[in-house]
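Below, in structure tokens: the form predicted alone, a single chain.
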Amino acid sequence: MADPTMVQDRMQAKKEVRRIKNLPTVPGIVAKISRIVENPETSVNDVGRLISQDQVLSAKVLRMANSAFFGMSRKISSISQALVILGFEVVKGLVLTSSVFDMIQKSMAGLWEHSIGCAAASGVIASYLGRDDAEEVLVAGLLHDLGKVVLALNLPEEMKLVRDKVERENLYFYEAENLLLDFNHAEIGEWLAEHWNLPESLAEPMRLHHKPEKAVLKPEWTSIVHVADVIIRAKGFGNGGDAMVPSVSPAAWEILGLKKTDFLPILELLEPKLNSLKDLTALN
């Protein structure tokens, strides 16, 4: 049952989130990149030059590109090289994520760790399954909890109430959101994806990572992010907002063709990546 003091504010809070036009965490460069990437005449060098105009952002993207995320056999030394090796969409995702998480409050540092951990796990699972789109799936894992960032930045009082309820009643974060706000971070992620014109391959995992059985366009990606989220929670890498570890959705097992015996080899592949990713927690 919802807290009486919050009932009258539910729709207003939802309207406030929907009214967000320009999140302060997203620089103009992201919009520019999105526009020029859609132009068939755009070259790798064009995009590389645009990103390179922001030296701090360029350094962060290169640091992430050279991290254990991708495990490249050779060092990526320029944005243009990163674009050639990783592709436009992956680099755009890294730019977006670096920019957004740069604004997270220190009290949310655990969410950054959780997100990069989920990204690494998503990439490992995709590779384990023999998929050739592991890098793109990784970005979906990286962005899956952006709705929590929006909530923290734009509705800080509501965020505090949700976190207090999580701790007080030992709930999942999204359960507390639903009880207090009548919407949750996954729905906010959907609104955000629509506003930023993100591809459905990223939007669906953001929207349905807790309910992969409802995915239609990208059920495999959504299921991978779901499983990765559960694994990272179980590993205690970072903090997704609560201390709970949910069960893996039976639908995700079926969609991906995974068995419980696959967990051990996946964890063996993931462990060294998580150890190597610890330096990235300093990005904030």
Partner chain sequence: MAKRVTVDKAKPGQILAEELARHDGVLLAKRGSEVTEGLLRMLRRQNIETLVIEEEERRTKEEIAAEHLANLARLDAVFARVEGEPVPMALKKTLAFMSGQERDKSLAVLELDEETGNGAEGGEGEGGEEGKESPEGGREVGSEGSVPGGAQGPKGPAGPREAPDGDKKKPRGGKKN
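Residue numbers count along the first chain shown, from 1. Treat the numbers as computed from the prediction; the structure is a model and nothing was measured.
Beyond what is shown, the protein has a form predicted in complex with its partner chain; the following relates to that form.
Against its partner chain in the model of the complex, the set Tyr174, Ile231 and Ser247 is in full contact: each member has a heavy atom within 4.5 Å. Its partner chain in the model of the complex is not approached by Ile85, whose heavy atoms all lie more than 4.5 angstroms from it. Though the partner is left out of this view, Tyr128 does reach within 4.5 Å of its partner chain in the model of the complex, counting heavy atoms only. By the criterion of a heavy atom within 4.5 Å, Phe70 is excluded from the residues contacting its partner chain in the model of the complex. Heavy atoms of Lys235 reach within 4.5 Å of its partner chain in the model of the complex, making it an interface residue. Heavy atoms within 4.5 Å of its partner chain in the model of the complex belong, among the stretches 137-145, 88-96, 155-163, 70-78, to residues of 70-78.
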